[in-house]
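First, one chain by itself in structure tokens, the form predicted alone.
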Amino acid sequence: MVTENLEKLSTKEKIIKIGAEIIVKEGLRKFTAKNIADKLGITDAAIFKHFKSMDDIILEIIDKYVSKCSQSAIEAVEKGHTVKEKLELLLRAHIDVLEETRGAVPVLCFELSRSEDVKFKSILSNFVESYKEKISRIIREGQMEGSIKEDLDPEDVAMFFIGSIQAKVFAYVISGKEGRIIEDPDQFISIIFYGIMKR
């Protein structure tokens, strides 16, 4: 497990980080207070000093991912001078959040999409719809300025961005490897741009 720099984190942050790693590496069934406590060398009770329930840990992981991705989309629009720069800033920030949360949210999206838990499904669904709309707007702007292929559906392209990141997480989970989920962000972004940008 990737537990670098854990000593610099607060106990609450350690619980979130280890919880995210467990979700990715061992699955939702192994996401228990005992498993997190064992990995951190603390008691189960210590976890509940920071969180009311295990669901609250999941909500914190999701909230961190959702808020940072949404914020990165806003910043990309503000800072980028061209559509390509905006998309690159957005993707790099998304990759950073993905690495920080160890890919837990894409795994949760898959696991919880089939569950009856309306609370989690609603949060994740709202995030995907909102994020898709932000990306779609940038794609439309690129089509108007002539840098992105006109025959592409902006919403399909936005889902391609989200799906490509999701696919990277699944490949990472299946391979059982350690380290970064997206080893070479430059190459990943280049591959995505190859299919949408005019040459």
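Remember, it's a predicted structure, so these values are computed and weren't measured experimentally. Between two forms, the rigid core is the largest collection of C-alphas that superpose within 1.5 Å. Quick note: we count residues from 1 along the sequence shown, nothing fancier.
Just so it is clear, the following notes concern the form predicted in complex with the DNA, a form of the same protein that is not shown.
Judged by heavy atoms within 4.5 Å of the DNA in the model of the complex, the contact stretch among the candidates 148-156, 41-49, 59-67, 165-173 is 41-49. The shortest heavy atom separation between Met54 and the DNA in the model of the complex is within 4.5 Å. The DNA in the model of the complex is not approached by Arg140, whose heavy atoms all lie more than 4.5 angstroms from it. The shortest heavy atom separation between Ser130 and the DNA in the model of the complex exceeds 4.5 Å. In the model of the complex, none of the heavy atoms of Ser190 sits within 4.5 Å of a heavy atom of the DNA. With the core held fixed, Ile15 shows a CA shift of 2 Å or greater between the shown form and the other one.
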